[in-house]
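Given as structure tokens, the chain that follows is alone and in the form predicted alone.
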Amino acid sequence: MDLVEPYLRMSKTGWMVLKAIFRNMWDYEYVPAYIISRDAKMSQEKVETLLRKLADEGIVTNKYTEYLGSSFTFMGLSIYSLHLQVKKGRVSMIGKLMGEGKESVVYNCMSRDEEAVIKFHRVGYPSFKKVKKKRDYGTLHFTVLTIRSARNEYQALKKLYGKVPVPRPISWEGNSVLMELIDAKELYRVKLENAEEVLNMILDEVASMYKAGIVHGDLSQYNILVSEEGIWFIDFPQSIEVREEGFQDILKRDVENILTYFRRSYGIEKDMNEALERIVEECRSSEWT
């Protein structure tokens, strides 16, 4: 996904329209043009012209019912979130696309003279329908959940940084999380010579995470980074706090994923119950146990 070109084509009035949509997206699935007109201090006719142009650019989606309404596309929300980061002086340059998946797009960037990573969250519509039904989000557009996903990751990183090896969180805006760049490779890309030692390190850090009150929620060989300097954990949008409903099952699934990977890749056998007991035992002094 190219963000730079459409970002550079945005006009001042275009930003004003996106700001109005962002401010009101919590109250409307499709923000009415007359609301956008009111907040952007523009005539409704001019707003509707801009909305059609932004839709042609793939930045918004317009819907005609009893009124013209508009909502962000993933690209539009990402562009506006980047705009907020730039406006607040946190991002000065966007670099290359580092990765693109179903749940996020990641770029490297410059943040106050240091190389960093900016991650744009995206939550697919099918996933949203399941969560929307479970959590009663009413008629909110699925981009709202995308923003909540980014906020959840940022809050988890803030809580864990300094206690568990995770990237240093810098800022959160919209569906974007700005964080420290870690120079390491995903676990599945590395052939370990000390596999059992690394597995024990991972379990120790899962225990530290648990002690800090967080369960990763989607732990696997794809979101553990490895280098000669150590290991790091990334990708926390699905993390939950200890004592949230079902956290024990999610912790068990995280541990099972890691044990399965090391068994299949390195022939290392560890008992699931012993691994879980080890994590809990190391946290006996924690307020959570």
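Just so it is clear, the structure is predicted and the values come from calculations on it, not from any experiment. Residue numbers here begin at 1 and follow the sequence given.
Keep in mind that the form predicted in complex with a small molecule is missing from the display, and what follows is about it.
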query	finding
All of K159, G217 and I240 within 4.5 Å of the small molecule in the predicted complex, heavy atom check	no
The small molecule contact in the predicted complex: D204, any heavy atom under 4.5 Å	no
Close approach of K96 to the small molecule in the predicted complex, 4.5 Å, heavy atom	no
The small molecule contact at D235 in the predicted complex, heavy atom, 4.5 Å	yes
4.5 Å heavy atom contact, Y222 and the small molecule in the predicted complex	yes
Sole residue of N152, S208, S104, Q85 within 4.5 Å of the small molecule in the predicted complex, by heavy atom	S104
Contact residue in the predicted complex, chosen from V190, A195, I182, M110 - any heavy atom within 4.5 Å of the small molecule	I182
Residue stretch of 182-190, 69-77, 85-93, 196-204 approaching the small molecule in the predicted complex, non-hydrogen atom distance within 4.5 Å	182-190
